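As a starting point, one isolated chain is supplied in structure tokens, in the form predicted alone.
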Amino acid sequence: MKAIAVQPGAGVPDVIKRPVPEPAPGEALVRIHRVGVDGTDYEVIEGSHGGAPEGDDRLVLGHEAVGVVDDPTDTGLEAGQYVVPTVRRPPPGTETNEYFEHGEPDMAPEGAYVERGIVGAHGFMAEYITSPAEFLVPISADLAPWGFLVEPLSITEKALEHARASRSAFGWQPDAALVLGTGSLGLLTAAMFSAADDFERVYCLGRKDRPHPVIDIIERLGATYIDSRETPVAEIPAAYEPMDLIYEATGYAKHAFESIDALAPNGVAALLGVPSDWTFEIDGGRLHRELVLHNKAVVGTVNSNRGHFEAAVDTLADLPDWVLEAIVTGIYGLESVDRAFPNATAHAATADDESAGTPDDDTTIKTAVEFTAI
């Protein structure tokens, strides 16, 4: 079978041939349909994040996938059933650990998991994969063409869950939400927030010049676009309003601290970006006071579990088709892999670049590789 692999740090993914995997007891054989490409894939390609399985110098990419069960074996799944695989697995040589037993692999510390297509385990950019049924989330046939968006949506489902949990000691009633970042994750999140009943007003911060399709998407959602070059994060409360929830998806380290100033009293910032090391000055005492005296919170969140994936399937069903069609700017076959990874060799975001975590091609929002048609 064909797969897309990279030698982390080499800068260019290649199409390679691998044997079709044999499912172990309790595993299903899944024929992959589509796999999304995101900022994490670029980080793996450039070698700044993740790594190949032990004893292998190449990693099969891909952690956002949808496929169809080809051989259910003894899993209880049905042949022809569409599924979305989750990402984390127990480390090699261990069948499980307490985090997986509790259904919370997303809360496992380093060393207690591997991530398919990211670190320590081959991913889903292959014609076939195998997986235990517990890591395969069913999705309906009508949603399957967009099923590769379930994984990124699940990341936001978890972030919302943890943000709400941090405010659960009192009657938190958020009205205003701010999304930092206009990549595919930021836009999907803005669409989720705009479609939900939780928020009356949604804002999205980026660095795009008008006219731009990203700004068109934001405004068609009914959200407000904020240009960070004109209004930095810390100045947003004066220019617009203080925010009850801030969702950071830039990987721009200063945003973590600027968000504290942009929050309303009792507000919470959820940090999802993973910046490079960067030393800069902040007024730690003032920010500490701001957190304490105004009951603000900052939470970090990574990965997601099966429950978040299941919630994301429901969210995907509620998003209008025009949003999905606008965000997914290209779906490419194996003969056009280079188009699915625009600027892969040039993606090396610097620590002081607010656009970190997104492809350098300004017109590309979200791409995917199609292995088999539905």
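Model, not experiment: these values are computed from the prediction. Numbering starts at 1 and runs along the sequence shown.
The same protein also exists as the form predicted in complex with another copy of the chain; that form is not shown, yet it is the one meant from here on.
- For the three marked residues, S168, L271 and E281, a heavy atom of each sits within 4.5 Å of another copy of the chain in the predicted bound form.
- In plain terms, the part of the chain that comes close to another copy of the chain in the predicted bound form, with a heavy atom within 4.5 Å, is 160-168 out of 140-148, 188-196, 160-168, 215-223.
- When contacts are judged by a 4.5 Å heavy atom cut-off, D209 does not count as touching another copy of the chain in the predicted bound form.
- Looking at D106, you'd find a heavy atom of it within 4.5 angstroms of another copy of the chain in the predicted bound form.
- Using a 4.5 Å cutoff between non-hydrogen atoms, P72 does not count as a contact of another copy of the chain in the predicted bound form.
- In the predicted bound form, another copy of the chain sits within 4.5 Å of a heavy atom of V298.
- Among P132, P91, G80, P265, the residue placing a heavy atom within 4.5 Å of another copy of the chain in the predicted bound form is P265.
- Residues R286, L287, H288, R289, L291, V292, L293, H294, N295, K296, A297, V298, V299, G300, T301, V302 are the members of 286-312 with a non-hydrogen atom no more than 4.5 angstroms from another copy of the chain in the predicted bound form.
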